[in-house]
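One chain is shown next in structure tokens, namely the form predicted alone.
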């Protein structure tokens, strides 16, 4: 039990517990869909897994629908959303992929980099939309349905909705990049030569005793950096917003007055939270851009070997 709970009772507001609850994945006690455990692995669908499915379906459906509609036109002139989509595709292709992988492998790796960008930016943005909280509020305040009657909606309220704040998700994306690096190098130079390219030729053999472990470590650091950067940035922003909003409840309990909490909320919490939320919108785009840029750079380094 925390010191606050010991001093003021079990109902004392615990900011740390609330923040962790809102940024973490749903716990094994609150799976969205409970499935059996096979080979020691719990296959139950957690909140982040559900969000991954929603984001994947959303990106695939929207982009496929708009592209097919665009291609069916007699004179395909992009307008509206398709115009913005084409601008993004051309920018990523010409400004990110082309300078790194080169024209020869441009069409081979542009689809992967584009998939990274659209998936990550959508997953990041989805975490800022309080969809599940709105469902819970409608369920309790408008429909007046008790918690015991809507178990499914209650399970949706546990855990955060930012799947890219989960290190398992970002590690999976980084693993795809790591595999793509090996495939790109092997396709460009051959499998054996790709591994030889890790260290520069022409040195005395004793130096390779030191260089080879360093290069292997550097190869493993790349996906680790991708994993940590994306997940940490997405989690940190949500923690900052929740911590600022927690001032309302902390000051309410500290002064035993709702007016104190409302006052600190109007003067401090709400303006700061709005500012951090605006910054989070920028972070959403920047982190998707950084991940795709670094992935293109790492793939290009395997193709265009320079020492």
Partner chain sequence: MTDEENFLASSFRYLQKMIRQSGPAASASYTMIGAIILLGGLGYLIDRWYNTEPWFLLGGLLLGIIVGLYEIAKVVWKNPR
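Positions refer to the first chain, counted from 1. Just so it is clear, the model here is predicted, and its values are computed rather than measured.
The following text describes the form predicted in complex with its partner chain, which does not appear among the structures shown.
Any chance residue 200 has a heavy atom within 4.5 Å of its partner chain in the predicted complex? Residue 200 belongs to the contact set for its partner chain.
Does its partner chain get within 4.5 angstroms of any non-hydrogen atom of residue 294 in the predicted complex? So residue 294 counts as contacting its partner chain.
Counting only non-hydrogen atoms and a 4.5 angstroms cut-off, does residue 215 reach its partner chain in the predicted complex? Yes, contact at 4.5 Å.
Is residue 211 near its partner chain? Define near as a heavy atom within 4.5 Å, in the predicted complex. Looking in the predicted complex, residue contacts with its partner chain include residue 211, since a heavy atom lies within 4.5 Å.
In terms of non-hydrogen atoms within 4.5 angstroms, which of the given stretches 219-227, 164-172, 114-122, 185-193 touches its partner chain in the predicted complex? Heavy atoms within 4.5 Å of its partner chain in the predicted complex occur in 219-227.
Of 179, 83, 73, 95, which residue is found within 4.5 angstroms of its partner chain in the predicted complex when only non-hydrogen atoms are counted? Contact with its partner chain in the predicted complex is made by 95 alone.
From first to last in sequence, which residues of 98-118 have any non-hydrogen atom within 4.5 angstroms of its partner chain in the predicted complex? Stretch hits: a single one, 99.
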